[in-house]
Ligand SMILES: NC(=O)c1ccc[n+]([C@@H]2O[C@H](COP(=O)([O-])OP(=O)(O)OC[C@H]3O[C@@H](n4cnc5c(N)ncnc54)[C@H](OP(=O)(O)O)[C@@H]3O)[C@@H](O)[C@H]2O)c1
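In the block that follows, a single chain appears as structure tokens, in the form predicted alone.
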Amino acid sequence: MQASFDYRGQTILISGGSSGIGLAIAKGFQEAGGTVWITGTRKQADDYPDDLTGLHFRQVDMEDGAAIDALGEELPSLDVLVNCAGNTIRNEEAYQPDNFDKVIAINLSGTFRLSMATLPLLKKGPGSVINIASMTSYFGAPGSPGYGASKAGVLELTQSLAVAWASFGIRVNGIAPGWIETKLTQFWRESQRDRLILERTPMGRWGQPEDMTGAALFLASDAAGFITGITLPVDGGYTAM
């Protein structure tokens, strides 16, 4: 059985929608009839290996507040915002303060900045916001403290904005992906941790970016009309183990 969602006539913006989880979610909204805008760090859509046909691409550096504000002003309307842009730095380099600050700026501050830049449009909807958190929102991330701290912040930010914006009719929720096959997790898939990850995941496999699509379509839909302030783990049971 496949759930059906209809986003015809709606505009969706997905930061970091040019690859990985963001692209899978973008294509899900596109297939459901939505007009989908995505951001990425490269100059144009053709610079990416994946097919971005039909998606409205804009180059945006999530550390650039002026560029984020300009995108908010360019959008004609907005019904759904998905904050997915993120980065990580690992191991010894992750413990350098400048690198820690960089990850926080992209993953957490960028999420807040884009949410604020699009708030006037979301109020007209009323809109829905989905923030991409992580299982490191709940667990320590010793190999990447900036990533773990930023994603814990995203979870709390989701709750704060949900409460603050409920009076506008805007719902704010999150998704906490488990171990998903993306470029950010390639390091772990090629390490000895791969076996340990699979052993702890009850469903016994790595997740795919497309596994996040259904959760996003649901949380942004009228079917989730009384749901706000939650972060939904989509992790194959990892956090329950």
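All values derive from a computational prediction rather than experimental measurement. Numbering starts at 1 and follows the sequence shown.
The same protein also has a form predicted together with the named molecule, omitted here; what follows describes it.
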property	result
Contact test in the predicted complex: Asn99 vs the named molecule, heavy atoms, 4.5 Å	no
Touches the named molecule in the predicted complex: Pro233 (any heavy atom, 4.5 Å)	no
Distance check, Ser115 to the named molecule in the predicted complex, heavy atom within 4.5 Å	no
Thr11, heavy atom within 4.5 angstroms of the named molecule in the predicted complex	no
Answer option from Ser144, Ser134, Thr158, Ser128, heavy atom within 4.5 Å of the named molecule in the predicted complex	Ser134
Gly16, Ile106 and Thr185 all contacting the named molecule in the predicted complex, non-hydrogen atom within 4.5 Å	yes
The named molecule in the predicted complex: contacting segment from 85-93, 162-170, 69-77, 120-128, heavy atom within 4.5 Å	85-93
Sequence-ordered list of residues in 54-85 near the named molecule in the predicted complex, where near means a heavy atom within 4.5 Å	Val60, Asp61, Met62, Cys84, Ala85
